[in-house]
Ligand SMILES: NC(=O)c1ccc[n+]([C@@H]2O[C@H](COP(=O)([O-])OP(=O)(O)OC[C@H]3O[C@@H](n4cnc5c(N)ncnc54)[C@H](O)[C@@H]3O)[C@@H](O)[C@H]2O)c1
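Before any questions on binding or motion, here is one chain by itself as structure tokens, the form predicted on its own.
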């Protein structure tokens, strides 16, 4: 039976300070909720406020800071605000991403401004956040950075000439930073989800053959849930994974077992 996790993820994050980019919806919001539920003080960096869930946000420990991660000065200022208030940052989850429907085209039809905008958020945003958070982690001699990559970082499909390359960059960013900062007690990892049931994915379903078609591309026969990705983030950032760095964790319903990311669609 293919079961899904529900409710609270059981990790103790009391006293930890966590920053999640793109935490207002989808995977990012689930990550915020689960860190909050397990005791962490959580800061959500996003351009839009999260829709508060009475259960997940009942203790008000998810703190929102309006931040466009594609702008370095905003990343710097938001990180400094967290450091002033908390004195440290234990976990950074680089999760902010954009994937406009207009980007689902062959590369010869890709708008140049859209390409630049996607790289600004999906790649530069990860670098800007790491640039300003890692010095705080070096100061305290510990920390974990989690980059949200994708199954498309490893294999591709038609009509995704911008998103896939950006996710591949996130994968290599994590490996390079891990090697650079291991000597300071900082771990850096990435996670590669398959298709997860989020507003971002639902907006593109008609371009991917519909929900049933997209689900059936995964050996487990369904889309993943944001909670399943959040569970992986909490584990990989916990002491249970303290010897894991410079690695990528696939949470993709078996998609990585195939020779290609997806069957061609017409």
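Computed from a predicted structure; not experimentally measured. Positions refer to the first chain, counted from 1.
The same protein has a further form, the form predicted together with the ligand, not shown here; the description that follows concerns it.
Among heavy atoms of residue 148, some come within 4.5 Å of the ligand in the predicted bound form. Although the partner is absent here, residue 95 lies within 4.5 Å of the ligand in the predicted bound form, judged by heavy atoms. Although the partner is absent here, residue 34 sits far enough away that none of its heavy atoms falls within 4.5 Å of the ligand in the predicted bound form. Although the partner is absent here, residue 167 is a contact residue: one of its heavy atoms lies within 4.5 angstroms of the ligand in the predicted bound form. Proximity to the ligand in the predicted bound form, taken as heavy atoms within 4.5 Å, picks out 188 to 196 from the listed stretches 108 to 116, 80 to 88, 188 to 196, 131 to 139. Contacts with the ligand in the predicted bound form, taken as any heavy atom within 4.5 Å, map within 151 to 165 to 163 alone.
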